[in-house]
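Shown next as structure tokens: one chain only, the form predicted alone.
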């Protein structure tokens, strides 16, 4: 053995040895038990480089996989990448913007192909980096979320949901980002405190407090609390207001939602631009007229007096306030701190807008998951996160799965163009001009339906329109047009545990590995992904997709601060690997980590774990090259060693079996360094411990160490045995 462990010399060679021998595939272990152990790798974005959070999940999952593979279970770690919907399209649009282009310059098929090519160019980035960390995933079973067979499973799931009456289309108020050009579900909206101005406006005989005077044109009523004595005589009456742009007459309604201590106790109700107002309107449909939208999907004013038309929200607010001030109707202006929804991607303030969307009824889907939590059939490893999951399940609203983007799986929805009235189409003609009109008008102007469909960007169909669910065009004898919305990314990724197995070329993979044993991921996507996998997996397969959820925390810097580029404290895992080796990275992230809690790491941690790799190497080198191998030792010390070694093996096995991964890592570290090296090697030097037992202990410790530090343990195993066809990765774990 060399005098020092050079990880740069060994890591790539070791990984190539594993790959060449196909040691990551469960098919290479025909004698392994029928009992399976399967983890579906949380798919990172196909075109994103890995960050420290990815390194954490790779380290934890690889530990579990190597441990269970060595235990003799039929073990599969299935890797893949996600198309990442809006996130990928957002990145690609920024790329277009640098060239002075926009997504609106292209029809949807062309844009989709451009994004596809871009993703494929970068798709090797993530997988190559995962291999550097030591991921022993079965790359032959690699899946991409937009693989045709995976897409087929996703479409079948939607059809099944529709057949069971769990899909509906409705005009509802949705969370819309006017920059990204798509709606979001409740879960994807980030909320942050924002300081705005609260305006008190003279609204006829009443005064109304609002932060959104620009939506006055969409008001359908004024609302007061039924117990507010100040306004009891107004309830059921109409009030008139003389605004600069004309007179308005609105009914006064009563609703418990109105707080008597907010503002003046009078609210203006603008259903199509505020979710709470929408709910109030739904409760008072017989008392108020149908609302109109006064802000469109580009974030511009519409259906308003000409002087305020086609302005962005902030400019419209300024113009309306100025007009009201000149008319003496701004009674008061005061600062107001409140919480607003923002786009998780671009951070723009979310605009609640009415849009016909497809929704999934969630109540029938969440009930079995709540039952599984209550009966302990589902275990959530992570302090208190079982209660968080339960809270989300109990309060979840119907799931909006429509997204107005190109990059994703297109909804298998078809409209009959001959029977459906008022289909609005946006398409690019052969002269590269963008046409926005009714479909019927475009056809009258000489465009054929095929020409429109080939240049199609988007369609907008009335919420009352009939539709057909079909993966392909339903009837060749009818003129159909397909919905241009795509599925919410989380709808397809919710099917990851079973869609990947059903799409496998190995025909029996689903029966062999489903349900999987554990889903390991960050606690921050518990409601986004884990909850939805449970809901959809149970619905489609009749079984929970996994019975254990292991949630790791955020990786923070050594001061406990969240990592961010602005703070300059971001840790690049590849730089750490280059400097200290993959084993050091893995150990520093995992040791003493606890499910559900954040973990702080810094330069000192990586350096310490690099030293641990060197300690393992030096101990092995000393035992094999410098130690007298004829030491018999003392019976008492020998027996104590045998007992202790078995106890350490049992303890680490129990900890890993019970998902105490950080503890298992610490136990292995402490026992190897402070018992085996500090005590046992010294005992052997002093003729107290048998050299044969010490050497046997090294072999046994290499097995225990392997899941945590696979490279240095395999390198030592190969140096000692020179058996590339019988590597440490394939050795049996002590049972």
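Residue numbers count along the first chain shown, from 1. None of these values were measured; they are calculated from a predicted model.
From this point on, the text means the form predicted in complex with the RNA, which you will not see here.
Note on contacts: among 292, 574, 383, 331, the single residue with a heavy atom within 4.5 Å of the RNA in the predicted complex is 383. This chain is displayed alone, yet in the predicted complex one of 610, 317, 538, 71 has a heavy atom within 4.5 Å of the RNA; that residue is 610. With the RNA left out of view, the stretch that reaches within 4.5 Å of it through heavy atoms in the predicted complex is, among 409-417, 264-272, 433-441, 73-81, 264-272.
Using a 4.5 Å cutoff between non-hydrogen atoms, residue 478 does not count as a contact of the RNA in the predicted complex.
Although the partner is absent here, residue 692 sits far enough away that none of its heavy atoms falls within 4.5 Å of the RNA in the predicted complex. Among heavy atoms of residue 626, some come within 4.5 Å of the RNA in the predicted complex. The RNA is not shown here, and in the predicted complex it never comes within 4.5 Å of any heavy atom of residue 29. Shown here without its partner, the chain carries 397, 619 and 663, all of which come within 4.5 Å of the RNA in the predicted complex through at least one heavy atom. Residues of 376-411 placing a heavy atom within 4.5 Å of the RNA in the predicted complex, in sequence order: 383, 384, 387, 388, 391, 392, 397.
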